[in-house]
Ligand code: DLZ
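Here you get one chain, nothing else, as structure tokens; it is the form predicted on its own.
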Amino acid sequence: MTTLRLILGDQLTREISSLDGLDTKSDVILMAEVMEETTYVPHHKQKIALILSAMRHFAQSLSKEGMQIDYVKLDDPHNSGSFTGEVARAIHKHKIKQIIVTEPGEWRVLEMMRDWSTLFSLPVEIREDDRFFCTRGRFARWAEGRKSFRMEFFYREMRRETNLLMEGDEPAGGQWNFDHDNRKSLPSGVKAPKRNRFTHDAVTKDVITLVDKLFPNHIGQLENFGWAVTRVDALSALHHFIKDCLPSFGDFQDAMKQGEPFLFHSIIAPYLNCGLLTPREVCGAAEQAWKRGKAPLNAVEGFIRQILGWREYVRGIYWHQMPAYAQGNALNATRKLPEFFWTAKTAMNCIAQVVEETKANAYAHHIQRLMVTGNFALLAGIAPAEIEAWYLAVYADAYEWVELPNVHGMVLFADGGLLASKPYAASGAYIDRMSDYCKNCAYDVKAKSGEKSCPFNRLYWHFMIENEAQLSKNPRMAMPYRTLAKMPAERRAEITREALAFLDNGDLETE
């Protein structure tokens, strides 16, 4: 019996469950580059190039093992443009009797797959994606009966279950979380290591040419494309991070510096999320660095928490809460996304720097995403769907299962506190403390009012005023609301007037 086994662009792992039990003599592996997936949001050119090149290299490696590959390229004249269309063509072409897939990372794709059995009158087996530490069922059991979902408690259970950074029944170093040690700004004398970027082979060159031709108006630049597109190179990127960056990652993971987009960050999330690396091997490598005395515990724990804790947690939230989760808008945010999120043409230097680096690299680290672009979107009241589509489009590691909870819950507080205990709102003082952006800005971060005062200062207090009824009873917001309570009515009116003037009329420099 001929079985069709579909491999998606974020399932580029040799041990993916859909390949279990494969018969090389009769089974066919389908891999399809489809226009529907490249354009449902206007994905960054580098993101498209990374996925397509990695897919082609992965298909080559499977073919060398003797597997039968039906590979459909994006510019194939017979390409239907959708997964469903390509599965239909493959069924007819290969006389398929059953379909096996691994569960996808997006709700809309899962719903599509669930229709295939009826549509094609064939059995369709949707297997669990066992590359994660925590299954969807395991997370559902943890979440059952909870009114709110705090990552810290989930993370501790994952530590116990995996035995990562554990000493018997206790956490290594006597505490679960070293976050308080990982909030240092970057001293002037500290230099980031030169990052390991990868040259293009013929496959990648062909993909880059194709992407440039088909997506000329998508955000991004391909000139400095340097992502790993093979398993071997992804492992090299992991080794480079563990050896050269992890020792300082913990101290400076929240720091930002103009002209330094990567600092000590791992920049391996795109490889984890497309399957070239697995979370178990990544966490294991970090733990071994600590055990060998090559990296301090605060750095290793902070890094492992991002993967074992946060990454697993947001996936659990996504599948536990979808599809209703995406519709929430607890703070009633309705503004359109400013054009400068695409162009970087703004006098706010922090936004301009992050967006320019995003355009150049399809990357920004978590504090740039949360406390610069995300903080602005929160304070300005950008509609959740607007900013969520942007994050999904512009970052090479962005897939809906990881992007949506991060933005909807953590950045925007649009879920009303299901994920985060408070909105991550901050004035310009936070950005000034954690970066050098403010010294080159047209706005004055120290000024509280006036046309040239930092927009984050105006928008912060305007956000507090606008959402006072909903947020003032939050215990973690008590301090700013005590300050607001002492503020004269005239000052509150001035804040509102200046904030709305900025939001409605734009900033000092838009061209």
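Residues carry their position along the shown sequence, with the first being 1. All figures in this text were calculated on a predicted structure; none of them were measured in a lab.
Omitted from view is the form predicted together with the ligand, to which the following refers.
- In the model of the complex, the ligand sits beyond 4.5 Å of every heavy atom of residue 239.
- Looking at residue 67, you'd find every heavy atom of it more than 4.5 angstroms from the ligand in the model of the complex.
- Looking at residue 122, you'd find every heavy atom of it more than 4.5 angstroms from the ligand in the model of the complex.
- A residue is said to contact a partner when one of its heavy atoms sits within 4.5 Å of a partner heavy atom; residue 54 fails this definition for the ligand in the model of the complex, lying far away.
- Residue in contact with the ligand in the model of the complex (any heavy atom within 4.5 Å), chosen from 139, 116, 155, 83: 83.
- Of the candidates 337, 109, 166, 214, 109 is the one whose heavy atoms come within 4.5 Å of the ligand in the model of the complex; the others do not.
- The stretch from 58 to 66, 479 to 487, 40 to 48, 464 to 472 that comes within 4.5 Å of the ligand in the model of the complex, counting heavy atoms only, is 40 to 48.
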